[in-house]
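First, one chain by itself: the form predicted alone, in structure tokens.
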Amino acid sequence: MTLPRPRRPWDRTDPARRDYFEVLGEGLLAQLAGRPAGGGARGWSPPSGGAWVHVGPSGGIRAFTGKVEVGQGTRVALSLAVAEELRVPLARVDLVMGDTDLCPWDMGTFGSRSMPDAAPALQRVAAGAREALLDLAADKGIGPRDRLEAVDGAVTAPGRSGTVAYGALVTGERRIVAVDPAQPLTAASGWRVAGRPIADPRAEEVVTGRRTYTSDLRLPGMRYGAALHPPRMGSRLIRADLGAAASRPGVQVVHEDGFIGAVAASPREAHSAVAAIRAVWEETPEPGEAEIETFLRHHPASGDDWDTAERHEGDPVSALAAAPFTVQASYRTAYIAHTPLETRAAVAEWTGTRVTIWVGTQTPFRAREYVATALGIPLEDIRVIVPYTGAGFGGKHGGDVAAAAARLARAAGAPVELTYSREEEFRWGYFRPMAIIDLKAGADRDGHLAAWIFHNVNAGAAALLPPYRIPHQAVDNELSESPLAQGPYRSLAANTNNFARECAIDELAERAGIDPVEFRQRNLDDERLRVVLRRAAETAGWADWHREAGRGRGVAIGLEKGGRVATIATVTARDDRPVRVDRIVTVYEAGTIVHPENLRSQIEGAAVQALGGALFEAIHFDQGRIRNARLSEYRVPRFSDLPEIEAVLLDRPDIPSAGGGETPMIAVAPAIANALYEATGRRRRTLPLLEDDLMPPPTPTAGARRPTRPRAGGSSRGSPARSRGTRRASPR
């Protein structure tokens, strides 16, 4: 249910002037005390984000965060954090997420930052609300303040001589409490609600199809829109003849500020009208796959809009020359698509000069800014609401679909839904960057890393720096221009950087004649990562492995976003059967675990998604055109591909929570690559690992039968196994 609209978005309003109670009703409102964030879009938000919690006369708790739920399960995890501090059952907490009128300003849901950032903010305002309720009870004579206790949604006096429910305490109140950002929290060792196995109370609506996603919304009088896209990347519109489209009954064509689209009574009619537009484009030559590596190496990006990192220590060139065991290799990763189950979608409705946009986005406040700029209207006149969204994986940043829906709705004078087709999602979204890693490394005779030279082209800085003890190293990254749109992807550069690093570590271990697990343990200083690796080896039975022709096992580790991960994969690769990943064991340590069932699901989903990028996902293109823009041509994991997946959680209640959405996937591809080497004796240094074996010719002759090729999982048919989890990556 959408709450009423405030007079002005709360993140754009001084906290003392927000109409909390006009919107939420009487009660107690707790918000983080914070300084103005310098004006602009952030308004009066604490510098690190914010949260507020309302306790109403019914005893219900309504909490607010700018983060969004796009399938990753944080709604339950964050609600558990609130329930724990307010001493109420989970069912009593209603978490409002991603509503730009009502929620604190937030940069976006990416980078595995929901648990590290949003959870502590919500915990603190909930704890502050609990303390304010105790104060209120003392003021009303329930008992001495130092003897009162919050229990199960009520304040109880000594010996339970008096108990008053929260709802009764706040009836008739309009009290606002500013909570100190240093408000003490309940120690994880004392948790009674959070940290325990609990199922998502709304899970049934997902599996039964009752959950309403953005593309399911239906408003009275709603019409449907479609947008005109260029034929390929790098095209510029010269002119367009709209007559044939505009003359169709019930069709309205919109052409403003370079945008062209159509509105009709059905999606089919809207797309048909757009197809009737005669557009002339100027097309700029773009490099194809054959030239892409040369292009990336020789076209550095002009700006520095991604995070950068580097490390230069000692004399790696001399140390490498002196090392008895060395590796020198280049590693490559393909452009890959996010492929969420729900494509980009938005619904827009105008009321006078104000517009409300329901849109599946990971960055609602950025989307609001985008719409304001695109349409030339004030931020205060735009409300962005993020309903449940069928996944993002880092692919739903920005606000282009929101702006297009708003344009179409304004012109039509009616609510309009704009939903991308699957082909539009492939062609006009953006991709995980293609990247090249040039690596040189050396180890001494005792199996200690001696030299490390690591040059990253176009992946980015995530997980760039090695977690190993290396006295001589030179690590850097170089961002490139790209002929294809590229941007955030679940764990982004950490996938590429960790793949190259962990494959090279395995090669060095082999050349030094040392077991790969022992080699890593010998070179790690991070005790948390050492524990994770040791547990993975124990769980997977590493010491009990018996070599067998055509079978292999591989290990990889990683440290990213505050989490520590180790993955061990086993594969079968024999001439008489398809390559198959048989088992994946992942051990993950992310500090304090708030919602163990969801974290386990995140790890399993990460393994499935990483399996696709490891084995067969790759975007193929030529001259700015995507050649495999359909699921029939773009290979994602199917249920028949899935191995046994075992997720092991290591809880560290003494350490703050890290995110669980990204880091669990970064060790999967290198673990599989290392296992394939043991099974086949062939080093594969390019992702996807099996593309040479799997991919059919891009344009087979009509009527010709494609040659039989080995394939992962046996059958080329079956349902995609992409999970509805989100992938939070640093924005570009």
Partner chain sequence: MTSFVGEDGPTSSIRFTVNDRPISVAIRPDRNLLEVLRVELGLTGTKYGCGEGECGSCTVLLNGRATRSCQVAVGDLAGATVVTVEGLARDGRLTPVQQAFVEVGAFQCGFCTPGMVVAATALLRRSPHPADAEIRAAMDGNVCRCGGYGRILRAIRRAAEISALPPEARG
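Residue numbers count along the first chain shown, from 1. A quick note: this is a predicted structure, and the numbers were derived from the prediction, not measured.
From this point on, the text means the form predicted together with the partner chain, which you will not see here.
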- [ ] Look at the candidate spot formed by T363, P656 and T663 and say whether the partner chain comes within 4.5 Å of a heavy atom in all three of them in the predicted complex.
- [x] no
- [ ] Name the residue from L90, L375, A244, A203 that puts a heavy atom within 4.5 Å of the partner chain in the predicted complex.
- [x] A203
Task: Partner-contacting position among G71, G395, G563, P483 - heavy atom within 4.5 Å of the partner chain in the predicted complex - done: G71
TODO: Sort through 166-174, 383-391, 446-454, 312-320 and report the only stretch with a non-hydrogen atom within 4.5 Å of the partner chain in the predicted complex.
DONE: 383-391
TODO: Would you check, heavy atoms only and a 4.5 Å threshold, whether Y213 touches the partner chain in the predicted complex?
DONE: yes
- [ ] Check whether A414 has any heavy atom within 4.5 Å of a heavy atom of the partner chain in the predicted complex, and answer yes or no.
- [x] no
TODO: Decide whether S632 counts as a contact residue for the partner chain in the predicted complex under a heavy atom distance cut-off of 4.5 Å.
DONE: yes
Open item on the list: in the predicted complex, does E510 come within 4.5 Å of the partner chain, counting heavy atoms only?
Closed with: no
Task: Residues within stretch 261-281 having a non-hydrogen atom within 4.5 Å of the partner chain in the predicted complex - done: A265, S266, P267, R268, E269
